[in-house]
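Only one chain comes next, encoded as structure tokens, the form predicted on its own.
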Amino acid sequence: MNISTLIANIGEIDFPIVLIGVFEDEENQVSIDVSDSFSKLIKEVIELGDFEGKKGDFSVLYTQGVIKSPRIMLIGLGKEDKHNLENIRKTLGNASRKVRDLGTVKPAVSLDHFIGNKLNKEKATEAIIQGMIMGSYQNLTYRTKDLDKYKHLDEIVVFSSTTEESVLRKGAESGKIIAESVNFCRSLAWGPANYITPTKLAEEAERLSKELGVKTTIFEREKAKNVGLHSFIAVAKGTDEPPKFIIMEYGADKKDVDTVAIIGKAITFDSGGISIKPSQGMERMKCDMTGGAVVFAAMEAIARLDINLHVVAIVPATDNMPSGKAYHPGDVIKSYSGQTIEVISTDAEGRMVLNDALTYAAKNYNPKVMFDFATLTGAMVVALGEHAIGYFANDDKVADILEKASKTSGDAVWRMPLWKVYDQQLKSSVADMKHSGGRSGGAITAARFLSKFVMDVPWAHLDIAGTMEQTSDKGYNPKGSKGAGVRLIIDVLRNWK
């Protein structure tokens, strides 16, 4: 999708449709510096009560030659004192689908009518582009029929009469990079498991290497065994699909910068293994690699934004399948850390692949901080539903970093306890620990298990199970994968100090 910027006022431009934000507050509703007849047209719609500026309000007006553009879309922003960047993303996410479905392929958005009195113009431009690109996303990769019925946006124009073009351009460029990274995550996370395999993910890593200079190392099954990634390989024993332990680096040649590690669980299909899941809903287990998809998407954005850090990304990728070769409940598995693990359920496989990845990152790269992303537990879905990422941190400074990034990115987070008392549920009579503490506090005991493998590195575990999908179009999230966590980690890294 093309993105362009323009310095102009509404009366000067000629596009198929112009998007104008309108606040609910009466004194701020219409502040449009064009002809009196145009302002009168909008005021009449408001006075008739057809449009009030409330969140969720939309109205398409035909300008009848009053200005050059034939249509305008009024978009309700709600109360101005509640207005923020996330409000822009959500309202324009909804608007993007309405504009697209009208068949208007080149919408123009008036920045001047979305910033209110307090928002930064560059950040608002970024939010506009994010909302439009993320909101209009459609994954048509696997369709062959009636493709002509699906409408698309070809170009988005952001214009202003009060902003320097360099500010517009910078915000539009970063907004495009971040939004396209979110959509990349969605395409991976919601791709069928027979297409999005560990081999496909390895190919994506090689693409990032070729196109963006991301250094890539991939351990095949035998190499992973020889390296000592026993916990990862235990999960992969049951599948004929070749597992891949994928390592990506960006900024290794940068001087005097911090090293940050991001790790993503990539179970490309999770049957549960020997502890097999019920068949109902199992088709959704194609998205159990969403954590890995977050990391791939983040690495693409990191490289395109040229973030001034050394970022190490590790994605342990494998199917989890039952077979005569699969590992069993009751097995004792040695980890890369040297600690032994009693397997309670082979359906708790995510923490098995993550523990090796965490220790590998800690031992071999000495990162200043580590973040892992995983659709890890159903318990987190029960705890927080679909509205927030539950996270655990062993360091308050890491928690502060995530909280700040949550406010700027719009990815909501909630800190969960990481108390030592939960270790009692992980005690084993045959190994150093069990890998599952049962149903009670399941998300917490999973995080406590992972905490045993980070060594002394500051770390946060983000359980994205509840936020991985949306069941209907809402805001900038169309039905399907949300790509939750991508914008969060990008804001963590680009605002690093």
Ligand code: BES
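Not measured: the values here are computed from a predicted model. One rule holds for the numbers: they count along the sequence shown, beginning at 1.
Unshown form predicted together with the named molecule; subsequent notes refer to it.
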Answer key: of Gln130, Asn355, Thr375, Thr91, within 4.5 Å of the named molecule in the model of the complex (heavy atoms) is Thr375
In the model of the complex, the one of Glu300, Asp411, Glu204, Asp270 near the named molecule [non-hydrogen atom within 4.5 angstroms]: Asp270
Look up in the model of the complex whether Ala348 has a non-hydrogen atom within 4.5 angstroms of the named molecule, and give yes or no. yes
Could you confirm whether Arg284 comes within 4.5 Å of the named molecule in the model of the complex, counting heavy atoms only? yes
Should Ala379 be classed as touching the named molecule in the model of the complex when contacts are defined as heavy atoms within 4.5 Å? yes
4.5 Å heavy atom contact, Lys210 to the named molecule in the model of the complex: no
Spell it out for me: taking the named molecule in the model of the complex, does every residue among Lys265, Lys277 and Ala465 have a heavy atom no farther than 4.5 Å from it? yes
Picking from 147-155, 394-402, 340-348, 110-118, which part of the chain touches the named molecule in the model of the complex when contact means heavy atoms within 4.5 Å? 340-348
